[in-house]
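Below you'll find only one chain, the form predicted on its own, shown as structure tokens.
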Amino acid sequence: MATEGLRENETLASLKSEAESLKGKLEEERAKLHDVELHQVAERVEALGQFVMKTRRTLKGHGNKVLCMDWCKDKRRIVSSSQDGKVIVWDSFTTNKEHAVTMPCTWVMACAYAPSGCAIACGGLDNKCSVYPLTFEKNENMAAKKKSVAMHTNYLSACSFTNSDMQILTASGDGTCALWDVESGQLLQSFHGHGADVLCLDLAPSETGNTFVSGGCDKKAMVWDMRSGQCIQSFETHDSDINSVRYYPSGDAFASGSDDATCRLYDLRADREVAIYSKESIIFGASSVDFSLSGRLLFAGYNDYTINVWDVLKGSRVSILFGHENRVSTLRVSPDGTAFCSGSWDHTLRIWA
């Protein structure tokens, strides 16, 4: 027995209490570094003026809730997935549909555009991540070219290509994230550490960045090293599920949106939470967050059908956007930063600028 190695007085309870006291000491050391708040540092920064953002396009065509969307690197095309089992590629300028795939399952919770713009990945309740190459042949049969890449033991909640079309990162309801080779479907690395469903992930923005952040139902946001498979930082300050995580453009921080109706900013170098974006009047969860290209604004979609725009430095809300008729489920800023797209349970996507 493994426990025979323990002396009599070293019961599980005593080891647990020792671990707790060490945890407490770590927290104390962390608190000593916690000398100033972000909004205090930003007091001398000029406030943002009034700005107007409106819905410029509405993309209609899904027959049920839109669950996920992603921009193509060409700043023009969008892929979206829905509860109706359809994945659609749109031209955001003309609102035309360029491709459509019907998945074998409903609830396609994840979709992603390949960096080259020549393929899309998607998955959901089928526990798989499938990659479809995109061609512009007339009457193309996309289903015939489908490649099943990732296999999880529970639903696929998020997927993202790494900096090439050759590798894909997935998050799942089985509590793990995994890195896969697209060609062979081989598992390259798996990431274990979440105590419940993983709901979201985001890749560090730098070309060399071999890290990503994930968030889940265990209220934790974890930063992972893709090469070693180890968790290198963990943050647990939310009071409920973390629905969305997104890196700050510089890669030195990330934001999270949670069912506890707050969004939070974590500084990776200071190893702590530096800002909370919340108001008494906001009582519904945040489903999706993303930064403006400069990092000054944080866009957050909520379950009360609104999108709130936060001043990242000041911690104040600078705008609230109305338009969707059901909860906002997904939100992404376009690669050139000139617009952002939101998807909703009202079956539509909207492009705002």
Partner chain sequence: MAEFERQEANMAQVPADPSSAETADPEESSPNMIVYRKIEDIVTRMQDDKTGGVPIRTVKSFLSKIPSVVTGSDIVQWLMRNLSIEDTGEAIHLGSLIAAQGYVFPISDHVLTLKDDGTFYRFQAPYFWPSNCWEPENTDYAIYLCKRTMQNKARLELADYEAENLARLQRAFARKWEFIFMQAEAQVKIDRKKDKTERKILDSQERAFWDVHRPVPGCVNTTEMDIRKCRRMKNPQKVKKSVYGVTEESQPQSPVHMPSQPVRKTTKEDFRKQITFLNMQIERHCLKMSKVAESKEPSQQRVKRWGFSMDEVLKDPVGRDQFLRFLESEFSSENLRFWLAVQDLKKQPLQDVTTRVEEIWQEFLAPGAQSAINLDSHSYEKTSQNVKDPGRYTYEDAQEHIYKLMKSDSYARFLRSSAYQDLLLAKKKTENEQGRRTSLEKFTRSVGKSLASKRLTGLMQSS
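The structure displayed is predicted, hence computed values, not measured ones. The term rigid core refers to the most C-alpha atoms you can superpose between the two forms while keeping them within 1.5 Å. Positions refer to the first chain, counted from 1.
This protein has a second form, the form predicted in complex with the partner chain, left out of what is shown; the following refers to that one.
Looking at 242 to 250, 159 to 167, 178 to 186, 141 to 149, the stretch with residues near the partner chain in the predicted bound form, meaning non-hydrogen atoms within 4.5 angstroms, turns out to be 242 to 250. Within this chain, Ser316 is remote from the site of the partner chain in the predicted bound form, having no heavy atom within 4.5 Å. Although the partner is absent here, Leu199 sits close enough that one of its heavy atoms falls within 4.5 Å of the partner chain in the predicted bound form.
Interface membership of Leu297, defined by any non-hydrogen atom within 4.5 Å of the partner chain in the predicted bound form, is confirmed.
The shortest heavy atom separation between Pro335 and the partner chain in the predicted bound form exceeds 4.5 Å. Residues Arg57, Leu125 and Ile351 are all found to lie within 4.5 Å of the partner chain in the predicted bound form, as judged by heavy atom distances. Contact residues in stretch 103 to 139 (any heavy atom within 4.5 Å of the partner chain, taken in the predicted bound form) are Pro104, Cys105, Thr106, Trp107, Met109, Leu125, Asn127.
Comparing the forms between the shown form and the other one, the C-alpha position of Asp336 differs by less than 2 angstroms, with the core used for superposition. Core-superposed comparison between the shown form and the other one: CA of Val41 displaced by less than 2 Å. Put the two forms on the same core and the Cα of Glu27 is off by 2 Å or more between the shown form and the other one.
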